[in-house]
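Below you will find one chain, with nothing else, as structure tokens; this is the form predicted on its own, and questions on how it binds or moves follow later.
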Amino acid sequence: MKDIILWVFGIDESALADPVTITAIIATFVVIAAALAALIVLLVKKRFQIRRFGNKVWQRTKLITQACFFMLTNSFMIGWFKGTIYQGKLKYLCVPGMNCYSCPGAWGACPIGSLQAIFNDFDAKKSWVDQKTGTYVKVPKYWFAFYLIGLLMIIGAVCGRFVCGLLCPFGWVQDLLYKIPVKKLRLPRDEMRIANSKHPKAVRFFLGVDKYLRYAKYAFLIIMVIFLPLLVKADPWFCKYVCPSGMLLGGIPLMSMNRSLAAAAGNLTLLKLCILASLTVISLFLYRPFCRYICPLGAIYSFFNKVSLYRYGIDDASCNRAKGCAACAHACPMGVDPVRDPNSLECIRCGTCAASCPKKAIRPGFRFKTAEGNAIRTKKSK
């Protein structure tokens, strides 16, 4: 048992003589047990049956689930106690959401950070010195690239952006910020509400701006995660210059516990703090601005939304859209109309629409027929 603990925690036997380390290990097991117990309670009470209890109960269930997943993936308490980073073998594994490698409690690595690191991590046995230029030619560790891309494809193929809705730590932070009671910036999405608004032309203009801004996350993915690290300089461009999740979960905790790191902070740290502060303020008024406009991981998962095994479907026989109901479109915090496009690239599968539908016509899951035998439409309506 002791050898397993040493391997999992990535520490030497001598570290067990430190009372702080022992306390942190015990705290780790307590946190993991608490998170698992909370999830088991939710399962026993059938709280994951989104359509059963209504939106208020589902929103509480969602927040508890997000908190539990954060606890499970960031429960390396030695890091939180000592201001260090986990360096054990589990760090080779990636977690599905935006969870910074440098977070003191993180067991795994962030997929986006790992994707950029591929271009900076090389196989010394296959690398060589170019005799003409005298430069050292680095050959990337392609096996790790295959593992990472395969992992992202498997997660995407199974559940699409479900990770964004329920399992991403930074998504959870934005959800908590949006819960603060201030006036929200929400634009109507269905034509009836737009036509009945005070300024329909202005609403349509801002909806158009929002539509094109959402393509920015694909630009961040292509330019900062793939193109620049691969072809310009082997640097984690997105993590280094943009990522607010890394600053919140990694940079700020480490700098607060290590004076040397805080003293070394420069203009780059100031830039990322400004980005984090801006997104924090915007998140009070607009639901998940990072997920809408910036997140490259959400951009990757979005490609699988329409083909993943877990999808959203519409029971058109039960839906009241023809009678003027647009409860789901009004409830969706990401501005998606589920009836028109139940598996939109922008859908983070948070379950709000399904929990808000008065006729329970939105069916998330792996089955595409109702108990009565009605077909469930998963494609965009014509």
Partner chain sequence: MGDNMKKESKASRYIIPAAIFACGVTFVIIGIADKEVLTVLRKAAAICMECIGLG
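Positions refer to the first chain, counted from 1. Every value quoted in this text rests on a predicted model; they were computed, and no experiment measured them.
Only in words, not in the display: the form predicted together with its partner chain, which the text now covers.
Enquirer: Among Gly97, Gly160, Pro236, Gly165, which has at least one heavy atom within 4.5 Å of its partner chain in the predicted bound form?
Expert: When its partner chain is considered in the predicted bound form, the option within 4.5 Å is Pro236.
Enquirer: Heavy atom within 4.5 Å of its partner chain in the predicted bound form: which of Leu176, Ala219, Leu261, Ala277?
Expert: Filtering the options by heavy-atom distance leaves Leu261.
Enquirer: Of 222 to 230, 99 to 107, 289 to 297, 178 to 186, which is the one stretch near its partner chain in the predicted bound form, taking non-hydrogen atoms within 4.5 angstroms as near?
Expert: Looking at the other structure, the answer is 99 to 107.
Enquirer: Does its partner chain come within 4.5 Å of a heavy atom in each of Tyr86, Met255 and Phe366 in the predicted bound form?
Expert: All three within 4.5 Å in the predicted bound form.
Enquirer: Ser381 versus its partner chain, in the predicted bound form: is there a non-hydrogen atom within 4.5 Å?
Expert: Output for Ser381 is no: heavy atoms all beyond 4.5 Å of its partner chain.
Enquirer: Spell out, yes or no, whether the shortest heavy atom distance between Phe76 and its partner chain in the predicted bound form is within 4.5 Å.
Expert: Because no heavy atom of Phe76 falls inside 4.5 Å of its partner chain in the predicted bound form, the answer is no.
Enquirer: How about Phe304 - does it come within 4.5 Å of its partner chain in the predicted bound form, if we only consider non-hydrogen atoms?
Expert: Phe304: contacts its partner chain in the predicted bound form.
Enquirer: Does Arg214 reach its partner chain in the predicted bound form if we count a contact as any heavy atom within 4.5 Å?
Expert: Arg214: no, not in contact with its partner chain in the predicted bound form.
Enquirer: Sequence order please: the residues of 296 to 314 with a heavy atom within 4.5 Å of its partner chain in the predicted bound form.
Expert: Heavy-atom contacts to its partner chain in the predicted bound form: Phe304, Val307, Ser308, Leu309, Arg311.
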